[in-house]
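One chain comes next, on its own, written out as structure tokens in the form predicted alone.
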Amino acid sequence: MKTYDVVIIGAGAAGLMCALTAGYRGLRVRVVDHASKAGKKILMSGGGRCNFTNLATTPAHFFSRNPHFSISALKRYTPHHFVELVERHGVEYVEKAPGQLFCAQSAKEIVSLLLTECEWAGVEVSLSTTVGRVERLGEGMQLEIDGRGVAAGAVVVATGGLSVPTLGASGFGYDLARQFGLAVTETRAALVPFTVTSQWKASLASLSGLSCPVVASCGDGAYREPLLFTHRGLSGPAMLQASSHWLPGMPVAIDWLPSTPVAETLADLRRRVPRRRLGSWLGELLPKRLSQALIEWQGWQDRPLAELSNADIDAVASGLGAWQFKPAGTEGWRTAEVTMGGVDTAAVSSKTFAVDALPQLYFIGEVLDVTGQLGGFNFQWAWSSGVACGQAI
């Protein structure tokens, strides 16, 4: 029976980061994954350019039943640490939005960086490999890998969540957690576009492809980001962020003109240019097709501003500032960027990521009940949790 100090299940961001960290400490490390390529999710993220971190990362950017769980790991391995690694490998990057760092060329460079570091650290990476049974073996663990028994001092579960099953996502990590008596919180698709009813789909058809900056609010979250109309519903960063707060039946509110004090502006224009029409004014601030659609949806008449009463102006301001819709649902796991929920952190150490009752078993990355907002935060969680675990094994 082959023996390793550590077997890591999952060759994604967290798994590879943990592997190279443990490998550099002189441990005999093997990474196994059923996928044919390492880092598949890295490769497709950020439109193929990978938003690999966010310089503004704090625990406040994460959802979890235990909001304090992420503090220790994020504090010990920061975005600047990962940027140093990226720079050492000569990977060029750009800051697309404040704090959001992307590869200038291709996400392949991040995967190449991780695999190169794993090679230098003496890590064995086994792809297209099936893990069967995982059992406790005294003070260590025993696994069945491609039908053969393997012994390990520790097993790290870095299997990710359920998002994008076409990339190989599965519930394997959750099943393993339950096998060893750990709770798994309810999971749902997050950072995912909204779908709309067939009636709304018809209304939105002519707007497909349009994008505009908005403030989207849902539950206790509000995000100033672009919104994108699609042939299936509403997408873009604003909607993806709102989806992390959304539960079936909840409304999503949109402020179409977050930089414009609508009531004051219309009252002033009514006084100065009374013949100007509502549609003309709105068409200068929003894409024309959208401005026309909003007037139609709200039942406003495209009248001269002189004909608008104070109550009319207040109604327009309310309709533009807090337009609400109830999504029919989301596009689900097929297009979700992350999984909300996961292995309950109550039974896991926030410093080592070991299971309290079984310290030779570890859980890191997205498989845990820690989910970041959009913008590179989830990758930073992968790096931080991977390093913390790799240092502790």
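We number the residues from 1 along the sequence you see. For clarity, every value in this text was computed on a predicted model and none was experimentally measured.
Although not depicted, the form predicted in complex with a small molecule is the subject of the following passage.
Worksheet entry | 4.5 Å heavy atom contact, Trp323 and the small molecule in the model of the complex | Taking the distances in the model of the complex, the answer for Trp323 is no, it never comes within 4.5 Å of the small molecule.
Discussion item. In the model of the complex, does Ala19 come within 4.5 Å of the small molecule, counting heavy atoms only?
Written reply: Looking in the model of the complex, residue contacts with the small molecule do not include Ala19, since no heavy atom lies within 4.5 Å.
Worksheet item: Using 4.5 Å between non-hydrogen atoms, is Ser243 touching the small molecule in the model of the complex?
Response: Judged by the heavy-atom cut-off of 4.5 Å, Ser243 is well away from the small molecule in the model of the complex.
Worksheet item: How about Trp200: is it within 4.5 Å of the small molecule in the model of the complex, going by heavy atoms?
Response: Trp200 lies outside the contact set for the small molecule.
Worksheet item: Just one of Thr345, Thr330, Asn51, Gln360 has a heavy atom within 4.5 angstroms of the small molecule in the model of the complex, so which one?
Response: Comparing distances to the small molecule in the model of the complex, the residue within 4.5 Å is Asn51.
Discussion item. Which residue, Arg65, Lys351, Arg28, His34, is the contact with the small molecule in the model of the complex, using a 4.5 Å heavy atom cutoff?
Written reply: Contact with the small molecule in the model of the complex is made by His34 alone.
Worksheet entry | Candidate stretches 212 to 220, 303 to 311, 134 to 142, 162 to 170 - the one whose heavy atoms come within 4.5 Å of the small molecule in the model of the complex | Single hit among the candidates: 162 to 170.
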